[in-house]
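Given as structure tokens, the chain that follows is alone and in the form predicted alone.
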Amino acid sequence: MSEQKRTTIILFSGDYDKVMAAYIIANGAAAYDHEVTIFHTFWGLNALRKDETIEVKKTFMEKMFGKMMPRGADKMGLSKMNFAGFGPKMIKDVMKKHNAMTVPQLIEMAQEQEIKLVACTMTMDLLGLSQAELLDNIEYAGVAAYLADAQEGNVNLFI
């Protein structure tokens, strides 16, 4: 019997198209029986944010970060051709015509495939994000936990 293959992805970007690519790769790897971890850090944490406003006590700076960052995967902008917010709408219309899955659907599929979705606790502290503001059924860890997974990885990506 062959050894379990592993894929790890550091998701640093908060751009809709890059997050989409990360989740397509992750879901594809899981479909090929890879054990998959996506480590969300900095702007990549926005993919894990809940859509609704969650009342949490925050400092002034944490409130400012919260207001400036998109709330939820569907609210993220594109890396190119954002066009003051029209870009994401255009790409979503094209995706709909081609029956492509949205980022929220890809995240849901990842959870169904038991892909390990990890939020970086250090970045959460820096940006003032609490567990209550992030999706349910995800994990929380620091860089050491990611490195332990990556060390065993056959494929390690930074997106």
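What you are looking at is a predicted structure, and each value in this text was computed from that prediction instead of being measured. Residue positions are given as counts along the sequence shown, with the first one as 1.
Absent from the display: the form predicted together with a further copy of the same chain. The rest refers to it.
A.B. asks: Report whether the minimum heavy atom distance between Arg49 and a further copy of the same chain in the predicted complex is within 4.5 Å.
C.D. replies: Looking in the predicted complex, residue contacts with a further copy of the same chain do not include Arg49, since no heavy atom lies within 4.5 Å.
A.B. asks: Please check if Leu134 has a heavy atom lying within 4.5 Å of any heavy atom of a further copy of the same chain in the predicted complex.
C.D. replies: No, Leu134 is distant from the partner.
A.B. asks: Given that a further copy of the same chain is not shown alongside this chain, does Glu112 nevertheless sit within 4.5 Å of it in the predicted complex, heavy atom to heavy atom?
C.D. replies: Looking in the predicted complex, residue contacts with a further copy of the same chain do not include Glu112, since no heavy atom lies within 4.5 Å.
A.B. asks: I'd like to know whether Leu117 contacts a further copy of the same chain in the predicted complex, with contact meaning heavy atoms within 4.5 angstroms.
C.D. replies: Contact check for Leu117: no, nothing within 4.5 Å of a further copy of the same chain in the predicted complex.
A.B. asks: Could you list the residues in 32-52 that come within 4.5 Å of a further copy of the same chain in the predicted complex, counting only heavy atoms and keeping sequence order?
C.D. replies: Residues within 4.5 Å: Tyr32, His34, Phe42, Trp43.
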